[in-house]
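Next up: just one chain, as structure tokens, the form predicted alone.
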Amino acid sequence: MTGRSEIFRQHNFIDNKWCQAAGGKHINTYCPSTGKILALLPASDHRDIDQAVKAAREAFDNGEWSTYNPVQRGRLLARLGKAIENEINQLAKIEAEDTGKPLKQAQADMIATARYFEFYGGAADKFGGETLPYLNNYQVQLLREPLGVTGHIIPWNYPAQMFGRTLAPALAMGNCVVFKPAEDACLTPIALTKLSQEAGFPAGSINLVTGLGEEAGAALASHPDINFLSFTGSPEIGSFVQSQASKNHVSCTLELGGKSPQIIFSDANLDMALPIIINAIIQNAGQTCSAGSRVLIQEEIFDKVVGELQNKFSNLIAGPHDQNFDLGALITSKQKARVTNYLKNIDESLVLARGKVSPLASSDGYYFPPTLIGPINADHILAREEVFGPVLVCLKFSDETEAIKIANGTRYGLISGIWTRDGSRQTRVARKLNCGQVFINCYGAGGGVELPFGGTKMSGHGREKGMEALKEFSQVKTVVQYYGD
């Protein structure tokens, strides 16, 4: 297990060996809290990706991993999950320093990461094919088989969780994986890969390659010998990734963000709703694809809700990751500039409240105070586009029909929250919302490893988490046998 003193010059992991990039180049990664260099990462390119894919292909076709049955795979996944549990505190320190998130959140992320391997370790030998009724004297089997080599391009906002979310189901089904973490947050995926090596995963089953998205990421997306691609990121990059994969007729799971609404009806339990709504936008400094970044408030309670949100937002504090403030820094100076630019020309009268940045925060860190905006119209840029920062916008609606229209009125469709005591309304609205997940009088459900997750429209396609992810990382073979009269 890696300690902080060892985190500086990092390596790729290919065919059970730690190695440098073929070109010998490195890129820097920085601590968001301080702006200081944390590590040198291999600046990999198509040569490194090709080496990793070849290792994965050999392992899948002829290696030790190809001999493992579902029980053996499940036990190995569970072993890795237990190893992560045993190292939660150390892993959380690495994650917090690398991403800027508060230590308490990083610890929760590690618990979720361990849970992915526990869940899919238990599912590996419980997910199979079926037998179909057919003509007399025929037996038809639907075999559920691995795809082969799967590519995974992992984002920077939840690097540890995404390691578990995408790799665990792929491995549970018997695939071999090649993954590229985002260059801005590689350190926990590297540490988790070291744990997988110690847990005994065979050579070639797990391969890690770091580098820039436009080089290593593009090479992985377009590689002719991968069989499936999992990508999480922006719609624009997702379109590029999918176009590259399509040249080789490779399917993808794409998770591309959201502009998720929290809909508060006049009968909502505000004491329960408001703390959850605030947490859903400040968690990870708003850098969460499922962040509840729009709050739709029924007009008769609009002033009351906004007043309470103002009070709460004014007391929020952003600060260093190791001090456990309400939120930490944004991931990079570039991301801070992006969020700042969204608010640069905003009418100051629309700023309802701003939180604070702690005096303990370094002036070189990438901090942005949580900001409450409103009321704005549904066509306002802040109501339509994903800011990916701690910015919550307030919109007013009159009735159920208007709430649904506003909620569905963006190019995204990932998650929605409904806050009402009316059971009939809960069902009606949930069924009319165009998104992949709906939460009623709750939001996020604690991470929900078991809950299928994915979007509609520009939020992407395919499903992660739960048993649905095992379907994504497998294929059906139909076997028809005639056994005679």
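Position 1 is the first residue in the sequence shown; the rest follow in order. All figures in this text were calculated on a predicted structure; none of them were measured in a lab.
From this point on, the text means the form predicted in complex with a small molecule, which you will not see here.
By the criterion of a heavy atom within 4.5 Å, residue 404 is excluded from the residues contacting the small molecule in the predicted complex.
Shown alone here, residue 313 lies farther than 4.5 Å from the small molecule in the predicted complex, counting heavy atoms only. None of the heavy atoms of residue 112 is located within 4.5 Å of the small molecule in the predicted complex.
Using a 4.5 angstroms threshold between heavy atoms, residue 161 stays clear of the small molecule in the predicted complex. Site residues 397, 400 and 418 are none of them in contact with the small molecule in the predicted complex, judged by any heavy atom within 4.5 Å. Residues with any non-hydrogen atom within 4.5 angstroms of the small molecule in the predicted complex fall in just one of 120-128, 150-158, 277-285, 165-173: 150-158. For the options 88, 103, 237, 305, the residue carrying a heavy atom within 4.5 angstroms of the small molecule in the predicted complex is 237. Scanning 293, 371, 193, 232 against the small molecule in the predicted complex with a 4.5 Å heavy atom cut-off leaves one residue, 232.
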